[in-house]
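There is one chain below, alone, in structure tokens, taken in the form predicted on its own.
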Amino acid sequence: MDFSLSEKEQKLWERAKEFTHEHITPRARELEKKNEFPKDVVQKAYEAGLMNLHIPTEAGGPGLSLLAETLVSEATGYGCAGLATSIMCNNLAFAPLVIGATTEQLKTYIEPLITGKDAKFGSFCLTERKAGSDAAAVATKAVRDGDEYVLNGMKCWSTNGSVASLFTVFASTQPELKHKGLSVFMVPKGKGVKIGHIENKVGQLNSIQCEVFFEDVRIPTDCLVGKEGDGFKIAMKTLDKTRAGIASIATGVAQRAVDEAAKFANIRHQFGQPIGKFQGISFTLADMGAKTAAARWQTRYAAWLADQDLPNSKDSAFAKFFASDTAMQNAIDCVQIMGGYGYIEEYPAEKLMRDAKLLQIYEGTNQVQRLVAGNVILKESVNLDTGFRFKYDGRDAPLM
């Protein structure tokens, strides 16, 4: 068992950390006041080779591992969770296509977006107003008409939707089959694709979510990914893979909270000594650090499982809910350690707290992650032999 990164992975992580230190952390506060897509920083990330890492080499991408993606996500998340989401969102948008599309489809629809001079974006379009955690409730429809499909419907909370060139759209081709009638399409921006309301969020203001309307949008049949009815299966496989990305952004936020709180605890003096000398503070820092380390290794393990094509539903769910819960709690603890200073804009803690909350919600709420993990645990235990031999003379007790 080797926990070390390869030389290539280590260099990528160092490059991502240097990029964050130079371009993200110093500008995050200034950029979020604009509440708009941070195009210049994302363009720099594209030029630095920090985007589209999972696209296979056959389609013009670097073909790196999911583990490599988590390194960049953690590094950029340390500087700003919103900017990290904007930079890494193509991972989610294009993942269903990498999973289900043919090489020819990737060359036609993805390669032009990732090999040009300027950064281009995709947008993952699954969620609707009445279809959040319940993907089977998707109302967007795709109807076959000769050599085309006609799409009608709306999506919401579509990250990077306002700047996207390609939309990965989940639509029902057979509504009567519910989730089994769900299909996924690559929809280029064009006639009938309209951007609606842009959300005004509490945190992650450097990431933009919006409504997207599809009104009689005609696309060729080669925009269908996989077969009709494959959409739900592809969506679940996608989320199994991309949860590690959210967990790694959360790990970055959690680590930043540890570092900012510890730095403050060293320089803030009360009762004649740094407040870090008090056990109440040092014990809190120890807990924060331990949970962050655990989140990091759970996240990397979930990514490694995916890279080995091993089942990772349970472990990716573990990573997502544990890392994001850790980010939220660490941010709260950071605010508390800083006291009043943690609650004002000039200090970093309040932004960490605002940004961390969304990590517990998007790409599957943490309640849904626990449901996913719990179901897997129950299935694994059906024929489990723990070695315990049951002997009990009482009546009507559960037989183990």
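The structure displayed is predicted, hence computed values, not measured ones. From 1 onward, residues are counted along the sequence shown.
What follows is about the form predicted together with a small molecule, which we do not show.
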Query raised in the report: Exactly one stretch in 308-316, 120-128, 179-187, 140-148 has heavy atoms within 4.5 Å of the small molecule in the predicted bound form; which is it?
Result: 120-128
Query raised in the report: Can you check whether A48 is within 4.5 Å of the small molecule in the predicted bound form, heavy atom basis?
Result: no
**Report entry** Touches the small molecule in the predicted bound form: A101 (any heavy atom, 4.5 Å)
**Finding:** no
**Report entry** Heavy atom of P175 within 4.5 Å of the small molecule in the predicted bound form
**Finding:** no
Query raised in the report: Q209 near the small molecule in the predicted bound form, any heavy atom under 4.5 Å?
Result: yes
Report task. Go through N375, T365, N35, Q336 and name the one with a heavy atom inside 4.5 Å of the small molecule in the predicted bound form. Result -> T365
Query raised in the report: Which of T238, N91, T159, T292 has a heavy atom within 4.5 Å of the small molecule in the predicted bound form?
Result: T159
